[in-house]
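Starting off, we have a lone chain in the form predicted on its own, written out as structure tokens.
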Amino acid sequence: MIRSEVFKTLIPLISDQLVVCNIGLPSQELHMMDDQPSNFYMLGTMGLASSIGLGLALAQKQKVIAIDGDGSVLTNLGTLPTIANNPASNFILLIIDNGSYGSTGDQPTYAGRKTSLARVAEACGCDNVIECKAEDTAKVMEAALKGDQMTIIVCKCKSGNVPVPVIEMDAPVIKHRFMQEVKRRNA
């Protein structure tokens, strides 16, 4: 399975959740498949979806899912010790690990070689880290959503992209509609 196929299995579970999605093609795929005001699409700032998701989880009570990529996490490894040392029981980090920088031409990442992001997260002190095959991601996500524990999911999938349209909304519009949705849910 490639990332877009993983998304198809997750949408029935995450469609009504607060989701912060990784820069580039992951945001474009999620937007194309299931645009919701509860989705915050990253148009810039590679490596910060997990940090923004954690901050949002710490600031309010609703579940927050951050969808990040292996390449983005590798560019901001500081996010994993920050997550470990600031646990939020309403936070789920899903790392789509396809072993490549998918948005820039599928150049290989070190996660596709010797580096295990699950083991890095554990070494940073993250307590509930689950590495799974792409086809098991929905089952693992469902359990994390039902649970009351911060969860880091590392989904191992194949590299590959599908054609996607550009997100026509600009960043201020994405931010505004997302923040309105967060306010509505926390009213």
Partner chain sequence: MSISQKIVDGLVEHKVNFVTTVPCKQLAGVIEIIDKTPEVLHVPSNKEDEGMGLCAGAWMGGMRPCIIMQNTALGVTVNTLATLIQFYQMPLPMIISYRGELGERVACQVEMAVHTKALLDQLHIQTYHFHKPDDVEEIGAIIKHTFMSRKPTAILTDSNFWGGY
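Positions refer to the first chain, counted from 1. Keep in mind the model is a prediction, meaning the values are calculated, not measured.
The discussion below concerns the form predicted together with the partner chain, not included here.
Looking at G55, you'd find a heavy atom of it within 4.5 angstroms of the partner chain in the model of the complex. In the model of the complex, the partner chain lies within 4.5 Å of some heavy atom of P81.
Although the partner is absent here, Q36 lies well away from the partner chain in the model of the complex, with no heavy atom inside 4.5 Å. When contacts are judged by a 4.5 Å heavy atom cut-off, S116 does not count as touching the partner chain in the model of the complex. Stretch 40-48 is the contacting one of 158-166, 66-74, 130-138, 40-48, since its residues have non-hydrogen atoms within 4.5 Å of the partner chain in the model of the complex.
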